[in-house]
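Below sits a lone chain in structure tokens, taken as the form predicted alone.
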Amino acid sequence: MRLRVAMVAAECEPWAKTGGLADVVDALARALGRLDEIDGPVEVFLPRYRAIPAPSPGALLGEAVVRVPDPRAPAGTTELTVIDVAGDGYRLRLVDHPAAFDRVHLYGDAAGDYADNAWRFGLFCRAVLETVRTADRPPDVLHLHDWHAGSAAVFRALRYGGDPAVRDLAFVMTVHNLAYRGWTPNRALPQLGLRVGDGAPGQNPDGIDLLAAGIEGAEIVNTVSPGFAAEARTPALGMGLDGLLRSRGDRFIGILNGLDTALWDPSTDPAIAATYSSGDRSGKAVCRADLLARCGLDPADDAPVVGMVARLVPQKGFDLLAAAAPALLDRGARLIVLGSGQPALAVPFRALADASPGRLAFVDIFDRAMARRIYAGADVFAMPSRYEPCGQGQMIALRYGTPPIVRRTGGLADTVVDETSHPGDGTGFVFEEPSSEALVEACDRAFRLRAQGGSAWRGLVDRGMAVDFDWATGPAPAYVAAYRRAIAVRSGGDV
């Protein structure tokens, strides 16, 4: 049986993005659509935020109005418009309701999360369920992404018991990041049309955890790497959900994220100074010189260049790199760091850049083109994450011939082979402890091998560029298997 699949997500590249969730939803939807086992294009439901422009006439496939229960509406219901747009290999379905989504930011502003996020995303999920309920050919699987989609599991359990179109629909829940939960205290339950003691998935005496609701309510739950799936079952990294995840048994799995190898390809990338490939890497030297010149660093200096690109959040280990920076600079290395997010994490890098002109460059804006230049032009790429469900930066760095230096955690451990412990088979450099000392030691190992040059360094780079992270060859078929199992579970055929 060929499957119909619909996704529910708060982000999708290029329409709405704050992090890797958007990249995954876009790339996975396209990869699934190329498989023979999928019937028709995947549907991706996404809120229509203010920043999403009106679709061009050629891309617009149609519009439909759905009426959904709305606890804030005087009449108890609200009309929302679902705008169908031809995406790149899938069907984008924008849920339009200005009161909920016509805002400057996706989730909150400088004061914090929007106080009505539960209502906003609850309304979004009700619109999705009402849309698929009345479809001529409803999906076989609803694929939920992170807490923003968790209320779909709540509504299926409490509001659609008599409606087989939704009641029998199989759910797969993907947890991209356990740190973001959609916590809704009891005082905010009315935003979801809930009361204390309703017994919804994810509900406890103090409120409802919408990520937990999706985990508890879905037939199959996955996170985005086998390594993080194992870590998430532990109290140390389960962030309070380890017990729930363990209770799901073998219905909680890890599926390693892929990489869009057409989008991330140094042989065709228009943003970098010169294209190159594993067969002819001469263009990488041009990219290095261009990057250094743009950042005010000496292109003629052969000392190693360490790059880092990530959101400025504690998870990514920016504090470890800041603490390690003086020792790395003492060794002659140069650092180029790009990140935007929490202002406090930027302070030490600004100070280091002021104190070390021509040695450290800090770019504190989200600049897609500069990120690509760093991947292509740096000599090594740092990812000292405290935890990392999967990570995409290390995959891009490998593809661009820039060996990554990573902590042994989650998806980083699944995707980077340490050259020191596996000489001749490694693809990067791995360290254990979340400390600046461990990071410096790993950088030292990378610097020594690079200084030796010759076949050892060339082989390391060649192996990294040869790793196959394509969505179509691994992750997409694994998701199809998860979808089929979810259908079997929902129908009672898999216990």
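On a predicted model such as this, the values are computed, not experimentally measured, just so you know. Each residue number is its position in the shown sequence, starting from 1.
Keep in mind the form predicted in complex with alpha-D-glucopyranose is missing from the figure; the text below concerns it.
Taking the partner from elsewhere, every residue among 257, 315 and 389 has a non-hydrogen atom within 4.5 angstroms of alpha-D-glucopyranose in the predicted complex. Put simply, of 233, 311, 159, 281 only one has a heavy atom within 4.5 Å of alpha-D-glucopyranose in the predicted complex, and it is 311.
Only one of 224, 218, 324, 127 comes within 4.5 Å of alpha-D-glucopyranose in the predicted complex through a heavy atom, and that residue is 224. When contacts are judged by a 4.5 Å heavy atom cut-off, residue 9 does not count as touching alpha-D-glucopyranose in the predicted complex. Using a 4.5 angstroms limit between non-hydrogen atoms, residue 475 is distant from alpha-D-glucopyranose in the predicted complex.
At a distance threshold of 4.5 angstroms between non-hydrogen atoms, residue 176 is in contact with alpha-D-glucopyranose in the predicted complex.
By the criterion of a heavy atom within 4.5 Å, residue 482 is excluded from the residues contacting alpha-D-glucopyranose in the predicted complex.
Note that among 391 to 399, 92 to 100, 337 to 345, 245 to 253, the stretch whose heavy atoms approach alpha-D-glucopyranose to within 4.5 Å in the predicted complex is 391 to 399.
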